[in-house]
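Subsequent text provides structure tokens for two forms of one protein chain, presented individually as structure 1 and structure 2.
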Structure 1
């Protein structure tokens, strides 16, 4: 999938911007607050109809204006044009695919797969387990609709079950414990499906991460992912029966606290380098390298699974890295095909190995100054 052109009207700083992209690497260069990341944000809108930074649509409209409009031309099989129009007055976002209005944003999800690396991604390796679950859930969901459905059902069961646990605690009424058995059965069924799918995914994804990490770091460091489950630390062969057993064991504790204490919603993914826990022992550079490798791995994984090349968006990927890694990453990027990369650091530009097919797009005050 290739994005050929992008046109912006009243989109943040961009009053009226039109860019023709390269089919290869597009480096977006400029100072702080000049509108570089806005370009990635706009591309993300085209792919998902949602905001990359989770900002409300109304904040994206240029000051003094009443609407924003984004259009993009993709080569996606037969060629697709997406146009998104947001009006501040109505608060409505209208999406057009080949100039035909789309009413459900789910209709374009998955059609234009996208992989992003942003500043908040440092939470993936350094933050709470929530961020790691979010990452793997979003990758698996992009490749499997069934997984997404199971996940949604599981979340529903969690809500019902915690409400029942609280009820048991408050009333001390043993009759509800029979009901609890039923919710346990549902929890175990859907929960085991989720864990199985995650294990299968991590097993496969490990190879992708190794490859990516290797491309950036060479073979002196070997990364690995493993799944850490609250259901069982040792036996993940008979997930359902172990899950059930542990629910029985911790029943009193769950009732006392009124929470769902075990299940995939509390599981974690552990990242390691040469056998050492990255979160505990990793340096800033190693963390950053790992985050970048995960995103490259996600890109190649989705490309294989979906038979479609995702759009790759990288926001300030080169900060905190030494010149050797910058060089390696810039070489690795050439295997991606089309990518969009913002840069602030002018001094390192000579390490980028830019060739004649790549574009350097200079942005200043929401305008394209020159393209080279």
Structure 2
């Protein structure tokens, strides 16, 4: 999949920007606050309808303007044009695919697969389990609409069940406890499906991570992923029964706290290097390398599963790396195809494996100043 062009109107600093991209590597160069990351943000919008930086849509509109518009032309077997229009006055965001309006953002998830590598990705290896769950859920969801729907349904069940637990705690009515059993059955069914799919995914994804890690570090270290579940079993045959047993055991505790304590929404993914827990014992360099390896692994996994080449966005990732790793990652990017990489003016470009088919796009104050 190739993004040919990008057009922005009133998008952050970009009043009226049009860029035609290379099919290979596109280096977006500029100082801090000049609008280079906004280009990645806009591309992410096109692929997901959501904000890369998790900012409200209203904050993206250029000062003194009433709307923003993003348009992009993709080559994906056949041509596809995505246009997103947001109005500050109505607070509504409209999505158009080939000029036909789409009413659910879930309809485009996976249609334009995207992989991002940003400064905040250090939370994946060093932050709470939430970030690791979000990573694997986002990868599986792009590869499987069925999983995405199951995840959305599970989250709806969690919300309803949490409300019910609070009612039981506050009222003690037996009828609510009877209703809880019904929600338990739904929770176990959808939750077990999620756990099973995550276990299958991690078993397969391990190979992709090892390959990516070896490309950057050689075979000096062995990375691995494992799944840690609150259901406390890895036996695919018994997930549902053990899940239900745990719910019954902790029923009084859940009611007392008014919170869902058991299920995949509380699970974690453990990252290891040479058998040691990365979060506990890994160095900063190992954590950074693991984060980068995860994203390359995600790219190749989605490419294989969807038979599409994902869009790859890298935001200022070279700034914290030594020259050797910059060079290795730069060479590895050649296996990607098209990618979009932001660089500061101070990045040492001598270590980049740039050739005549790559573009250097210089951004200043929301305008394209030079393309070479």
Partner chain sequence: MILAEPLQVAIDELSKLPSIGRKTAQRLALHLLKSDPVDVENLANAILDLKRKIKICKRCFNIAVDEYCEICKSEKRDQQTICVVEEVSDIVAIEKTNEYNGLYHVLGGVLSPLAGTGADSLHIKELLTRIHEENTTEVILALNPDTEGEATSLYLAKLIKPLGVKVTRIARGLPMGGDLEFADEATIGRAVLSRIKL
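Note that the rigid core is defined as the largest set of C-alphas that superpose within 1.5 Å between two forms. Positions refer to the first chain, counted from 1. What you are looking at is a predicted structure, and each value in this text was computed from that prediction instead of being measured.
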Identity of the form predicted on its own, given as 1 or 2: 2
Large Cα shift (2 Å or above) at residue 147 between the two structures, core-fitted: yes
Rigid core fit then residue 302 CA moved by 2 Å or more between the two structures: no
Residue 167 C-alpha relocation of at least 2 Å between the two structures, rigid core basis: yes
Cα displacement of residue 187 between the two structures, core-superposed (Å): 4.5
Following rigid core superposition, Cα shift of residue 196 between the two structures in Å: 2.5
